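Alright, two takes on the same chain below, each alone as structure tokens: structure 1 and structure 2.
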Structure 1
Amino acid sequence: MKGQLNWFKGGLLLGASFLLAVAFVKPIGVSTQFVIADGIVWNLFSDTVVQKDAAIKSGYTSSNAYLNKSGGSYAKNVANPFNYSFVFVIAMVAGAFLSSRLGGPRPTALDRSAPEVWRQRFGNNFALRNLTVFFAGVVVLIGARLAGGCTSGHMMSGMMQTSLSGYLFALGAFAAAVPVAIMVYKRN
């Protein structure tokens, strides 16, 4: 597609973004912020989900076991949405918008509803596309949270650090994704 970089230039740019993130702050990660976003909304409607507790390392505790794990660090970020990791993920959307405006690849109106490969296989049934993608989103985030990270945190940042978990994650992900993609979309 016009505006899309080839693997070499694109890889350099992508590699630079991982490297700069770890050089200045910490490795990139995304999927935790879906939990934080849920927690922020939950916290608006509940007085008990996140509470201050000076005895805990992070200063916050939660009635939910997941938000309370790792010394309440998720609970702390829920209570303070203006933190590094959450702002980073919001800024990613702004960065993609900038790229798209400054000569990056632009999808057509049809592409914005469903990619061409979907339309060839399932026609222009966008309600089916939206429903399928919604459930795919549910499964992807359950998987990412069970794994403790996603494509960004495990595969890219993890393998960059030669972390064993990054390799295990990539193994699990591609072992499932390649046969499923071929089954659903065929090879031609």
Structure 2
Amino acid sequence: MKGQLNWFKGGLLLGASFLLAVAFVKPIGVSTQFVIADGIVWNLFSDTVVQKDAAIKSGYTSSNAYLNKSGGSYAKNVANPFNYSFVFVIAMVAGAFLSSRLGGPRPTALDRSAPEVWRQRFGNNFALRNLTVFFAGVVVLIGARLAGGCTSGHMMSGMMQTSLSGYLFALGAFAAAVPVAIMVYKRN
């Protein structure tokens, strides 16, 4: 794809973004916001999923054990979603859209259907590509929830803060990803 930053410049900008976030607000983490988004939708159809509770530090509780984690902080975020983390995720989507309109990378029609490395291995089957990406996304999201965070939260923000869990997450992620990539793309 043309118009992308090279990996070195992109890495420096990404590192600077994470450093500024840690220094001025809080570490960046994205996957929890998918849970919050699910909770927002669920809360639209249920009056009992999130309740106010003055006895709890966050002021909110949930009938769902997961949303009730961390003293009801997830339930609080469902009830009041316009906080730093949720706005950050929305801003990521808005930033990508703005970049595409203001001269960001312009993928070719083929690149929009699938990256070149995928097409070389599996061809141009649009349905296979989308089904595989959707399934992989579900697996990653389940793994992120089981681990209590995703790549951005554990590996990038965690390692930046010299957290042991961040280094262990990175080790596990690469120990799984490299062999899977070699098997899927059949490269040595």
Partner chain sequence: MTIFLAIILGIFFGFALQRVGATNPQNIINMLRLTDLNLMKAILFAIGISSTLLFLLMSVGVIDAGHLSVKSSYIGVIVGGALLGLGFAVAGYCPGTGLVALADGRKDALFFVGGGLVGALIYTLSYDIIKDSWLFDKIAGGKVMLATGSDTFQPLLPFIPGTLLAVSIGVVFMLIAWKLPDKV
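Under this definition, the rigid core comprises the largest set of C-alpha atoms superposing within 1.5 Å between the forms. It should be emphasised that the depicted structure is a prediction, and the values quoted were computed from it without experimental measurement. Along the sequence of structure 1, residues get numbers from 1 upward.
Looking at the condition given, the form predicted on its own, one finds it describes the source of structure 2 alone. After superposition on the rigid core, the Cα of Asn80 moves by less than 2 Å between the two structures. Core-aligned CA deviation for Pro105 between the two structures: 2 Å or greater. After superposing the rigid core, the C-alpha of Pro179 moves by less than 2 Å between the two structures.
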